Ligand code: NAI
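Shown below, as structure tokens, is a lone chain in the form predicted alone; questions about how it binds or moves come after it.
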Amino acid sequence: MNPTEQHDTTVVVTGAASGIGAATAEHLAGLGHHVVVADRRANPAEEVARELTSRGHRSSAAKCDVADARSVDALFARVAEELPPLVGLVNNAGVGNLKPLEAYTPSEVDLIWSVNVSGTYNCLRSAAPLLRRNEGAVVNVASVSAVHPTRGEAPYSAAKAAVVALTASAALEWAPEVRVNCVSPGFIRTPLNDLLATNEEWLEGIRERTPAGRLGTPRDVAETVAFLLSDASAYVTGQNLVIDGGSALTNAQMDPLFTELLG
């Protein structure tokens, strides 16, 4: 696809005011789609949309709380009435926390579940008629924690595992009109990881345990999302693609020992 080619199509990206969502919106806009920068934070979403428009891309902002079904319905009603046909949906909005399993409060767990799982479901349900009509594609954003849980993320890991399962169910039910896939990023350097990103010792440890030898970037995820939305992946649906530089391949029990033995 010619990066400067304009397409009479719309892609909605949720949680697009920063990080992976903003990078994905930028990349998809560069491929010629009209991109809706949807986020519960109106001002940052508008800033991203203005920046894309200033570069000659087509973009608009929308305030949307994915955990609120009425807010989601209003978003897709606007898309149906005002914008080119919806051919892509990126369910990126998410929230997490880090603390021992028993330390989470019920309200914290409810928030994690309502944004990550109910939010993804709300968008799928509301966008379904438009996506079916236009034979579109969906990419849900889960996490490597969904398949390789880490300490301190129990509710988040469970919620993202639910997103992976929801992806498979939607792919099965919506085939062949709509393809639905999932990406599970590992450690991606975004504003949410500022605490780790400011500690060079911690970062070096992460690099050493990543076969790719570096941290992931939002662009790494954005390009994979674009592939899964494109015709280049026309025979791919119901899959969860892990984007972690190979970090999940390592064996925490034996790799340190074998590394030392192999010199």
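Numbers follow the displayed sequence, beginning with 1. Owing to the predicted nature of the structure, the values given are computational and were not obtained by experimental measurement.
Below, we turn to the form predicted together with this ligand, even though it does not appear here.
Engineer: Determine which one of 62 to 70, 203 to 211, 234 to 242, 28 to 36 lies within 4.5 Å of this ligand in the predicted bound form, judging by heavy atom distances; exactly one does.
Structural biologist: Checking each option against the 4.5 Å cut-off leaves 62 to 70.
Engineer: Just to be sure I understand the contacts: of 115, 127, 87, 170, which is the one whose heavy atoms reach within 4.5 angstroms of this ligand in the predicted bound form?
Structural biologist: Only one listed residue qualifies here, and that residue is 115.
Engineer: Would you mind picking the one in 74, 158, 95, 165 that has a heavy atom within 4.5 Å of this ligand in the predicted bound form?
Structural biologist: By the 4.5 Å criterion, the partner-contacting residue is 95.
Engineer: Each of 17, 20 and 188 within 4.5 Å of this ligand in the predicted bound form, by any heavy atom, yes or no?
Structural biologist: All three within 4.5 Å in the predicted bound form.
Engineer: Though only this chain appears here, would residue 219 touch this ligand in the predicted bound form if you measure heavy atom gaps against 4.5 Å?
Structural biologist: Judged by the heavy-atom cut-off of 4.5 Å, residue 219 is well away from this ligand in the predicted bound form.
Engineer: Is the gap between residue 122 and this ligand in the predicted bound form 4.5 Å or less for some heavy atom pair?
Structural biologist: Answer no; every heavy atom of residue 122 is more than 4.5 Å from this ligand in the predicted bound form.
Engineer: Is there a heavy atom of residue 40 lying 4.5 Å or less from a heavy atom of this ligand in the predicted bound form?
Structural biologist: Yes, residue 40 lies within 4.5 Å of this ligand in the predicted bound form.
Engineer: When the contact criterion is heavy atoms within 4.5 Å, does residue 139 count as touching this ligand in the predicted bound form?
Structural biologist: No, residue 139 stays farther than 4.5 Å from this ligand in the predicted bound form.
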